[in-house]
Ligand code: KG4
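Coming up is one lone chain in structure tokens, specifically the form predicted alone.
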């Protein structure tokens, strides 16, 4: 198969309109318009509005990407896009634009699973060595994924309720920090230390996670302190939450690596931008740890472009991240 290729990738799974372009395995453009500045006023994403904003933003991001790459649309050989999971309206907008471009240019179309994109962001500046383990941590997902080889995904641990990012967002509302909660709690925690005792959520022998109990314990502690009129140190509270959440992520990941020996460990997803998490996991000296640069941790087109390039290079086009995931046919 010819290896010289230009792939344009589209990411619209939530509230970022991302487009990236990769040429011969090298990222040559990565542009993004975030909707966070709008949704901060609502305390979260409004799905219908997010979809409409993707429709509005798409032409601008596309042109900026082409300008940065110094190419025209006619030079693009393949279109990739996120097909699942995410907000269905936002996904449909991305799918419509992707299919329209592919049809008008008469070039192939490659649907990419969003979480596969997060994992393959590790290959932008580094290289995953298989067998590998991935810890995916985001607003909607907390999973341990074992990869015996490339494009082989075995979910060995998952959250039974809230994802770690959801826990952060809900606690941030209690502390009146605003949305998105993760970066705000991370910043605040650097001013304190874990002085408050919070439980290690689902601290058992399984590889699964549970963060709803940690959230509830935090709320109960906060309310107790308020009722007793005690002086509350928000920075210490934030640091205490971080300590419990990140420590259990580390403990479960170490257990997974013992059960599934791996040559590399990928930390992926928006929460992998967390400063304490990056510090803790970089201390795992017995396994190669790959944490993408912060600009590739949150949703972006570059991760979709990289996953598409990796699949193209391996001549593997089967959407097999989740056997139970929706088919790209369902978005047609």
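Numbering follows the first chain given and starts at 1. Model, not experiment: these values are computed from the prediction.
The form predicted together with the named molecule exists for this protein as well; it is not shown, and the discussion that follows is about that form.
Novice: Give a yes or no for residue 271: in the model of the complex, does one of its heavy atoms lie within 4.5 Å of a heavy atom belonging to the named molecule?
Specialist: Taking the distances in the model of the complex, the answer for residue 271 is yes, it comes within 4.5 Å of the named molecule.
Novice: Taking 4.5 angstroms as the cut-off for heavy atoms, does residue 297 touch the named molecule in the model of the complex?
Specialist: The answer is yes: residue 297 has a heavy atom within 4.5 Å of the named molecule.
Novice: Could you confirm whether residue 168 comes within 4.5 Å of the named molecule in the model of the complex, counting heavy atoms only?
Specialist: Within the cut-off, so yes.
Novice: Would you classify residue 139 as touching the named molecule in the model of the complex, given a 4.5 Å non-hydrogen atom cut-off?
Specialist: Yes, residue 139 is a contact residue.
Novice: Check for me whether the named molecule, as it appears in the model of the complex, comes within 4.5 angstroms of all of 25, 31 and 64 - heavy atoms only.
Specialist: Answer is no for this spot.
Novice: Hey, of 39 to 47, 263 to 271, 65 to 73, 52 to 60, which bit sits against the named molecule in the model of the complex at 4.5 Å between non-hydrogen atoms?
Specialist: Going through the listed ranges, the match is 263 to 271.
Novice: So which residues in 177 to 207, when you check the named molecule in the model of the complex, have a heavy atom no farther than 4.5 Å from it?
Specialist: Residues within 4.5 Å: 180, 181, 182, 183, 186.
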